[in-house]
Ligand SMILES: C[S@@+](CC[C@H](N)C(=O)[O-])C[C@H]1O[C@@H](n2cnc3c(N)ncnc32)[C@H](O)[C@@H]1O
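Okay, here we've got a single chain as structure tokens, the form predicted alone, with questions on binding and movement later.
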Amino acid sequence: MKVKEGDRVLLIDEKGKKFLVRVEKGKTLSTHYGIIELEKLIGADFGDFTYTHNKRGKFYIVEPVIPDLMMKVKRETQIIYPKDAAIIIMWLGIKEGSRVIEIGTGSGSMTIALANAVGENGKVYSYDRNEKFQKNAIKNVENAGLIDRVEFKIRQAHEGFDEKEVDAVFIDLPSPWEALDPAVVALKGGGRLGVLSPTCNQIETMSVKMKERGFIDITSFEILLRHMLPRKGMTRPLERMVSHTGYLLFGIKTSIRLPE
């Protein structure tokens, strides 16, 4: 497959450093090796390579995947990492055609993952109370080429949501229980709720409130990711790892049981 004007392209140098760029005429990328004229990438094959203007730097031309798009967003907030996003999508049962509410757009990293998962026939409804953060997220999702699959809305979580009978709800808030009752109303029977929180206290409080409202199969865990350094005769784990980023909590709605 060849690179076209407007494509998002991942350029990887020989030491593994990555640059996510949009291929446009007249645009350049400045690197520590030199300048790359992005227009010259048009017509190149993915998997091929290019050089900087001074031939000091060699860069491989790669089609980005969703983890690349998630990690390269412009950040106004802490993002959700691919290691957590993949599990969230699987445990929420999100697939082609799913309708999903996201509460806490942030920088849009998780929004990108959700939009990719729901496909062309699904929809993500992303709510945030901070207009500045969401404007940045909209640009990030647009850059990922997935803006048509997302509706963005500014609202406080406790004020409720416009959608009903959605397949899943994902909450990323400091006090996720503020969005619990609106999530219960929005979810279809058997719909799934997911929460990401940084502390055990938040997960404990939320799990108790979910049980009170009739959720079943409530489970919580965290994902630790350790990369390996593969080398002939010397393979070992990397010294650094992405360890704790948040605790995940999931449950299945069986009936609406709101407090009196």
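Predicted, not measured: the structure shown is a model, and the values here were computed from it. Residue numbers run from 1 along the displayed sequence.
The following text describes the form predicted together with the named molecule, which does not appear among the structures shown.
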Checklist entry - Does any heavy atom of residue 110 come within 4.5 Å of a heavy atom of the named molecule in the model of the complex? => result yes
Next on the checklist: Whether residue 78 contacts the named molecule in the model of the complex should be assessed with a 4.5 Å heavy atom distance threshold; does it?
Outcome noted: yes
Next on the checklist: Is it the case that residue 104, even though its partner is missing from this view, gets within 4.5 Å of the named molecule in the model of the complex, heavy atoms only?
Outcome noted: yes
Item to check | Interface membership of residue 121, the named molecule in the model of the complex, 4.5 Å heavy atom rule | outcome: no
Checklist outcome for this item: With a 4.5 Å heavy atom cut-off to the named molecule in the model of the complex, the contacting stretch among 169-177, 185-193, 144-152, 92-100 is 169-177
Checklist entry - Which of the residues spanning 128-142 lie within 4.5 Å of the named molecule in the model of the complex, based on heavy atoms? => result 128, 129, 130, 133
